[in-house]
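Next comes just one chain, in C-alpha cells: the form predicted on its own.
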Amino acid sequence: MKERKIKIKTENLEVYYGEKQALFDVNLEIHEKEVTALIGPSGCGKSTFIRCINRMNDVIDICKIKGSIEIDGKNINHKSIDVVRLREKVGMVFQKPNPFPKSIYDNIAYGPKIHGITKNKGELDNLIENSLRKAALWNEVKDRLHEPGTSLSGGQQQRLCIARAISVNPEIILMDEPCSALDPIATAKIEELIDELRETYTIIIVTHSMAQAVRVSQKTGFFHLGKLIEFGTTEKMFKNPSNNMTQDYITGRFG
C-alpha cells in the first residue's frame, strides 16, 4: 500500500495559556484520508492540539502558539492565511451535539449560505440532501427538514452536526470526543459513519475510549501531560507499543 500524502504537519508545536504550558514540542505528521485517534488522560493536551488545527485557540486572549502547523505545506498561522477559509477547510464536531436553534434544513444551509457555496435554492436543496446522506441521516429526517434540529435524538443531533460540518466541503474533520454523550447504539452508528467518511476526508478524533480508537482509526497518538509520547499505526500501538508509558496507559495502570 502506498503511503498517503502528508496533510497536516506540526513541528516543535508549543501552546501556552498565560504562564501555563499546555503542549510541549509536538512533532506529528498526519496523512490524508486516514482516521487518526488521539488518546491520553484528561487534560493531557489532546483537545488543545486539535484546536490549533482550525485556530480555535485564536479566540482565547491568553493563548500563545510557538512552532509551526502546516496543512498541505502551508503554515496556517502565517498572517496571509484567511481564518474563515481555514475553518471552511477544517470542520469541527464537538463533544456534545450542538445543533443551532434552527430547523434541520437551516442547520445545514447556514455554512453554505455564509460561504456562498450554492447559487440557488435547487443547488442548496441538493447540497443539504447530499450532506444528510453522507451523515447517514437523510432517511430518518427527509420528511421533517423544517422541524427544529433540537427535536432529534442525541445520536441524530450529532450526525446532524457532522452533516453541518461536511456541508461546506471541508478536507479535514476534527472530532472532539464525538460519542461521549451518546448511548452505545448511537456510538456504533457514528463509528460506522467515520469509517465511510475517511474515504473523502482526513479525520482526527479525540477519544477517551481505547476500544473506539482501535475500531475507527488507522493511526494513534498518545498524549500525556502535554507531550506526544508515542505515535504510530493503531495496530502496533495497541499490540506492541514502543513506550512503557503507552503500555501502562492502554493496559489501565493509569488514566
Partner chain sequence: MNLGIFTAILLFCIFSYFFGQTTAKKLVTNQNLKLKTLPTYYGYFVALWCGIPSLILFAVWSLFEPTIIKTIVVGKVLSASQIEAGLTTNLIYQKILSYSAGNFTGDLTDTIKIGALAYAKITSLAYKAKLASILSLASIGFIYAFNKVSKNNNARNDVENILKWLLFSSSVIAILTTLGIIFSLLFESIKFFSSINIFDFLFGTNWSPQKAFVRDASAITAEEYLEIKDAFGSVPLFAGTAFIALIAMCVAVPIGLFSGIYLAEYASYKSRRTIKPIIEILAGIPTVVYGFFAALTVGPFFREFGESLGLNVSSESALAAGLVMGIMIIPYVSSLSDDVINAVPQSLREGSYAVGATKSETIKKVVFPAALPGIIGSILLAVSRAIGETMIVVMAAGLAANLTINPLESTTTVTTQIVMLLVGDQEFDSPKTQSAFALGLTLFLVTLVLNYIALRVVKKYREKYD
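Positions refer to the first chain, counted from 1. These figures come from a predicted structure and were not determined experimentally.
FYI, the form predicted together with its partner chain isn't displayed, but the following is about it.
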item: Of 130, 77, 98, 180, the one that lies within 4.5 Å of its partner chain in the predicted complex (heavy atoms); value: 98
item: Candidate from 198, 224, 189, 51 lying within 4.5 Å of its partner chain in the predicted complex - any heavy atom; value: 51
item: Candidate stretches 180-188, 106-114, 134-142, 120-128, one within 4.5 Å of its partner chain in the predicted complex by heavy atom; value: 106-114
item: Non-hydrogen atom contact residue 211 with its partner chain in the predicted complex at 4.5 angstroms; value: no
item: 4.5 Å heavy atom contact, residue 71 to its partner chain in the predicted complex; value: no
item: Any non-hydrogen atom of residue 56 within 4.5 angstroms of its partner chain in the predicted complex; value: yes
item: 4.5 Å heavy atom contact, residue 90 and its partner chain in the predicted complex; value: yes
